[in-house]
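Quick heads-up: it's one chain on its own, the form predicted on its own, in C-alpha cells.
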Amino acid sequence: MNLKEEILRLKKELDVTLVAHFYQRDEVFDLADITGDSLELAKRVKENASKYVVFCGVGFMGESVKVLSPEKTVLMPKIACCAMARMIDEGYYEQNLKQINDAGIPNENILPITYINSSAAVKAKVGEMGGMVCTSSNAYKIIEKGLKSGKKIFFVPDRCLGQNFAKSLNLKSAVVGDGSDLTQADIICYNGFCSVHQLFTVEDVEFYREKYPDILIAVHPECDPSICDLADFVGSTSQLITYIKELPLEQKVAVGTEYNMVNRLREKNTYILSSTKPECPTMNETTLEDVYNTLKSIEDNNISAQNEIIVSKDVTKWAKVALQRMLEL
C-alpha cells in the first residue's frame, strides 16, 4: 500500500482538512491542506468549512483549534505534548501566583498573559483573571496593551520570551523562584522554556561570525536572551520565514530555530545555528502511517478516543475568552 496515495484518496473523499505545523516532518507537511504557525492554523481552521480536522502538531495546538471551533471534530494522529506546555498546569499556575502574592503583590495588581504554548486549562485560568493569550509574533502588542492596565504582567510559561520582550520594551523582568525581587519587575516570568531553543549558544554565534564575517544571525525569541542580544533579527516562526526569504540569495544566514522549518527555507547559504540537530522530538512523532490511520478511522466511522481532542465546556468558555481578547487586538 502506498501511504501517500491512500492519504490523498481519503482527503479527496472525506469532509476533512489536513493541517500541519511548520515543525512537522517534510512528508507530513507536504500533504497538508493548511500549514503555518500555531495561531495561524487555529484561525484558518476556524474559517474552514470541513467537519473533520486532522491536526498534525502538538496537543495545545489541537486544543486551541477545538476551543475556537467547538463544532468541529478535531483529531490528532499523535497527541504529542509540547515540553514547554507541559512545564505548567493549573496547579503550578496557582503555586506561582501564591509566590507572587507572598512577595506582596495581590491578584488585583496582576494581569496574566499566557504564551499560546500552554494547555487550554491554563488559558482558561488566565481568561478568568482578565488575561490574554499571545504568540511570539504579537507579544509586543499584547504586552503593551496589558501594561496599560497599570498592573504587573505575569507571563507564562516561557521565561525567555518574557525576558526578551521586556528587554526590547525597556522594561524590568524577574523570574518566579530565582531569588529576584518580583516587586521591582514590570513583567514577572514563569520559569519555563523551550528545550529546542535552549540548544543555541553564544559559542554557536561566535563560530559563525568568525567563519563568515558577513553572515546574518536570525533567531526565535524563545532563545535565551544572551543569544537574542547577539542576533541581527529576532522573530516568530512566520517572521523568520519572511525575513529569510526576502534576503538576497548570496547572503549567508544562520538560523536559530527548529530544524525541519529551517531545512525547508532555501537551498543555499542557510545554516543551522547549532552544533547539534535542533529537532523538536514531539513535533516529529507524527508519521505518514499515523495520518493514514486517523483518516481511515473517519472513513470506517471508527474514530478512536485516543485521537480526538475534547475540551470541557467550562475550560472552553474561559480559554476562548483569553484567545478572543488576543484576536480582537
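Everything numeric in this text was worked out from a predicted model, so none of it was measured. Note that residue numbering begins at 1 and tracks the sequence as displayed.
As for the form predicted together with ligand 13P, it is not shown, yet the points below apply to it.
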Stretch from 145 to 153, 172 to 180, 218 to 226, 91 to 99 whose residues place a heavy atom within 4.5 Å of ligand 13P in the predicted bound form: 218 to 226
Distance check, residue 119 to ligand 13P in the predicted bound form, heavy atom within 4.5 Å: no
Contact label in the predicted bound form: residue 197 to ligand 13P, heavy atom within 4.5 Å: yes
Heavy atom of residue 136 within 4.5 Å of ligand 13P in the predicted bound form: yes
Residue 164: touches ligand 13P in the predicted bound form, heavy atom cutoff 4.5 angstroms: no
Stretch 7 to 44 - residues with a heavy atom within 4.5 Å of ligand 13P in the predicted bound form: 21, 23, 37, 38
